[in-house]
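A single chain comes next, written as structure tokens; it is the form predicted alone.
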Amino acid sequence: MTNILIIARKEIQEGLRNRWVLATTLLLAALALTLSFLGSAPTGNVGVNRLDVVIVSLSSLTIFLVPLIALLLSHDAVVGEAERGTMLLLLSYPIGRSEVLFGKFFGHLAILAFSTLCGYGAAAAALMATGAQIGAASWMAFASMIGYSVLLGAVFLAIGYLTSTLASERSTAGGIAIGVWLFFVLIYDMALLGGLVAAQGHAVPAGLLDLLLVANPTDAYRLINLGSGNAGALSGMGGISEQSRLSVPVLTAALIAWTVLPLGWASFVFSRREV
């Protein structure tokens, strides 16, 4: 465990030195503040809680941006160090390969969690400064959104690590990472929508719908944060949530599985990879 923490601290220090922490925090904060003030501007006329509108806006931002940041952080974590020769030096110390992989993962997850908390927290602080009346339920939903945003980031960090252990070159890993992002964030839902249109109004079996939703971690995240309460009414996801039998614990377990399985596979591949 000590070795994992040492490697994690090394990744955090490199993130600070390479300006990854600063860049991701500023990017998330800038976009969150923009969405908060522009997206919640009309709510005074319609009586909608401003923080609920912010949750919907930030959840949509998270689906596009956080997976991309996670993949950019992790896609060359193994293959990049192998190309530079630093991985061979690192493995010359009395440290296991799994400890190296998990240490890197937790270091990158800490960077992502810090950036998300500070970036989205800035939007909430700015909203409080305007004197907006916000209920306890909305604050709970906002805190939940941040937690699940970090979990979604962990999913794509794990996928990035799997890509990095399977690829033989950094350029290949980068191309695969972009392809993974396009598939899960854009192509999958477009294909799903096309399938529903092709069904010509026929009802999709509930079991099949549930399977299709958990097969994409971004859809599971979307259903958790936008499928119930005021956010569900604002986002239009409430209807899908009513048709689905997936509960929040099941969706959470699906996201955890999406993290553990690729990371475990990456550890298995890395243990047999020549450096």
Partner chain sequence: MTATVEITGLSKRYGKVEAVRDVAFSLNAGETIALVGHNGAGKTTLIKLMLGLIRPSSGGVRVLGEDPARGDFAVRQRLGYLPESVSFHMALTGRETLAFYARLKRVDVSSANGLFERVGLAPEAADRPVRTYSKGMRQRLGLAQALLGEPRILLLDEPTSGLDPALRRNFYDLVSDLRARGATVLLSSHALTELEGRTNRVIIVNRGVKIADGTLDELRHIARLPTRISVQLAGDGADPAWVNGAARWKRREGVLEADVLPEEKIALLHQVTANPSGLASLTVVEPTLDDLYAHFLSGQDTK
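Positions refer to the first chain, counted from 1. Every value quoted in this text rests on a predicted model; they were computed, and no experiment measured them.
The same protein also has a form predicted together with the partner chain, omitted here; what follows describes it.
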In the model of the complex, does each residue in the set 26, 31 and 121 place a non-hydrogen atom within 4.5 angstroms of the partner chain?
no
Tell me the stretch among 134-142, 79-87, 159-167, 184-192 that has any heavy atom within 4.5 angstroms of the partner chain in the model of the complex.
79-87
Within 4.5 Å of the partner chain in the model of the complex, heavy atoms considered, which of 125, 91, 110, 178?
91
In the model of the complex, residue 147 touching the partner chain (heavy atom, 4.5 Å)
no
Could you tell me if residue 269 has a non-hydrogen atom within 4.5 Å of the partner chain in the model of the complex?
no
Though only this chain appears here, would residue 252 touch the partner chain in the model of the complex if you measure heavy atom gaps against 4.5 Å?
no
Using 4.5 Å between non-hydrogen atoms, is residue 95 touching the partner chain in the model of the complex?
yes
Given a 4.5 Å distance limit between heavy atoms, list every residue of 1-15 close to the partner chain in the model of the complex, or none if there are none.
2, 3, 6, 7, 9, 10, 13, 14
